[in-house]
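Let's start with one chain on its own, the form predicted alone, as structure tokens.
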């Protein structure tokens, strides 16, 4: 059996690559689409629920889909270094793919606003990490200024090749289901991913690979919801660090995806995110990072509103963008955990098990 070679080789005819493009890959993509029968009942009897578990990409998040394209094109141009602003996942992916390509990587992070699980990845891959005072938006402005003056490749979602790689998630969903979902729920931070999925669906439809387009349902965290509020948020605040962004780079394209698909961009509270995060883990065995759970939190919110009124059974996909081990501290804080200490004998242990 031939080895899977990553999203560029799998979907080459949909990617902006040529025979001269060096493919830098960690065999990203091909992540599972998992049906959640136990949680369907909490939403609606009209819903057939799936999650696209992007935490099983090589560095633990969906960012790898875009990074394989961005780094491959950077190497094709002869670039020797990359730079990104990041709240975590982008830095981990950029560092891993840069070292895979044999080039340097630099990361600018907002000081104190990055989960340690993600920072550890960037560091172990050899990235030079610079912390600046301020939030993600400040960090991104500094990155743009660096790239204006120095020959370093910007690999945030402003880089169009990132979107080109990330659209492959839509292709995989359609390939698995044999059609597009009716609704696609997704977290929205910098808004590159909702942009990418919509691009993927529209390209696949144009190519005759599917007949209809899904409604795109994007969800921001309530403390970081500039698109919902219609203005930038100067000091975004949410436990979902991956979407703690006050001025999304792909703002207008996210609105276009919403409007063209007939969907929504709404917000969910931190409490709703944590509830969804814990339900996924303790009902279905799926551990995602908090920001990922914004998609399922949005679905739960709309289920309670009796939003799904179609008579037919609806296929709904929630994208879970990153693995829970990205932010282990949040998991520990979210549960009541205190080991019960007993003597090392069977009787003592069985007293606890029998309770």
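Given the structure is predicted, the values throughout are model-derived calculations rather than measurements. Residue numbers count along the first chain shown, from 1.
Just so you know, the form predicted together with a small molecule exists too; it's not on screen, but the next bit is about it.
The contact with the small molecule in the predicted complex, taken as any heavy atom within 4.5 Å, belongs to 191 out of 191, 143, 173, 96. Listed residues 85, 122, 71, 276 were compared with the small molecule in the predicted complex; 85 is the one with a heavy atom within 4.5 Å. Interface residue remark: residue 187 is counted as part of the site for the small molecule in the predicted complex, having a heavy atom within 4.5 Å. Using a 4.5 Å cutoff between non-hydrogen atoms, residue 289 counts as a contact of the small molecule in the predicted complex. Put simply, residue 296 is far from the small molecule in the predicted complex: not one heavy atom of it is within 4.5 Å.
Not displayed here, the small molecule is kept clear of residue 107 by more than 4.5 Å at the level of heavy atoms in the predicted complex.
Note that among 44-52, 297-305, 61-69, 24-32, the stretch whose heavy atoms approach the small molecule to within 4.5 Å in the predicted complex is 61-69.
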